[in-house]
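We begin with a single chain expressed as structure tokens, specifically the form predicted on its own.
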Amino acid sequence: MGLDLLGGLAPREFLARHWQKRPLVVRGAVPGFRGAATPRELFAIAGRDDAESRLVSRSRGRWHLRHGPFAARTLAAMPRRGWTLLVQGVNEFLPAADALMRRFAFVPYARLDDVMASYAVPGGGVGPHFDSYDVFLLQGLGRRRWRIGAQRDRTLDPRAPLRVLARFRPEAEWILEPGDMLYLPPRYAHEGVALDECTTWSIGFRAPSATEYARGFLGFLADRLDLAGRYADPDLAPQHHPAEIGSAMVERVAAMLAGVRWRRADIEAFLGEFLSEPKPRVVFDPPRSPLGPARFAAAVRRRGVRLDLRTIMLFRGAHVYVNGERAPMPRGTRHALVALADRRALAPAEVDTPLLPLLHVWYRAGYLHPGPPA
């Protein structure tokens, strides 16, 4: 990774000085960058049923929000000013957007979320708001004016159909041109307004709340619980109120539930499955005429293998996690599996025989494909 991306800072310096601490503006972060796709390509993705897209506009002082998919004629009929198209997860459809996201691999993949593309006409924006996660805002086509502020008043406009701050107090302002980038820590108020027809590429990061982690982990445990015994009350006595839940029953059930235990290994397994789980809208396409094990092995040894753009692959210890599924690393495959998770592709010479059965399972599920990176 070139030092241009972080304004001359090495990743370690950036993480120490700015990550989750203070904003950073980088001029020429990606020299020559005009976007990972053309507006026409973004419009095509916005028309897909399996993509998440939104149309934000403002007229007569009021915000309006529509959800996709959007027909091409709908976007063509929009006015020349004052609206924005947001397309989430473009890295799942465009190899160039996925490659852009991987440039930020100095942050672990377990924290990476996706790339959102914003297309706007002059005056277009989504209003002053804040995000609960870190974000890099990389300018593609055109220019966008950004205003930011570290305000504590996060009251939202109750009339707006999206999260717009009611009282925005900017403290700094910049105009970003193609290739420029703005990094913002979580909960930093900001507003971007297009000065020309423009695209902005937002690299966002996952930051689940403590409640989300707890709910996910409790569901993980529920699938693995096997407590011995059954409720019993041999010393039962008559109650004055038969409808009351007695204290003795509460104590007995509390004692039963005290048997719920977990180990560090359970936390590791939960994180692997939870953080590699694709978004609900993601559907994988298995090959229509899948190759058998022998033909698949021949194809991989000739062309290598690459992960599907939608696949999330992580590892911890002796296990690998692919799209919410855990698998032990077969003996002698750790080096290759780590390389596949990190680089998302393997050259033909890196695919050892013990790895082929596991790769074939993932291939049949649509998680990976024979061939070099797209």
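Sequential numbering from 1, following the sequence displayed. Nothing here was measured: the structure is a model prediction, and the numbers come from that model.
If you look for the form predicted together with a small molecule, you will not find it shown, but the lines that follow are about it.
- Of the candidate stretches 95-103, 200-208, 243-251, 75-83, only 200-208 has residues with heavy atoms within 4.5 Å of the small molecule in the model of the complex.
- The closest heavy atom approach of Trp146 to the small molecule in the model of the complex falls within 4.5 Å.
- Looking at Asp131, you'd find a heavy atom of it within 4.5 angstroms of the small molecule in the model of the complex.
- Using a 4.5 Å cutoff between non-hydrogen atoms, Ser118 counts as a contact of the small molecule in the model of the complex.
- The closest heavy atom approach of Val126 to the small molecule in the model of the complex falls within 4.5 Å.
- Put simply, of Leu141, Ala160, Leu137, Ala269 only one has a heavy atom within 4.5 Å of the small molecule in the model of the complex, and it is Leu137.
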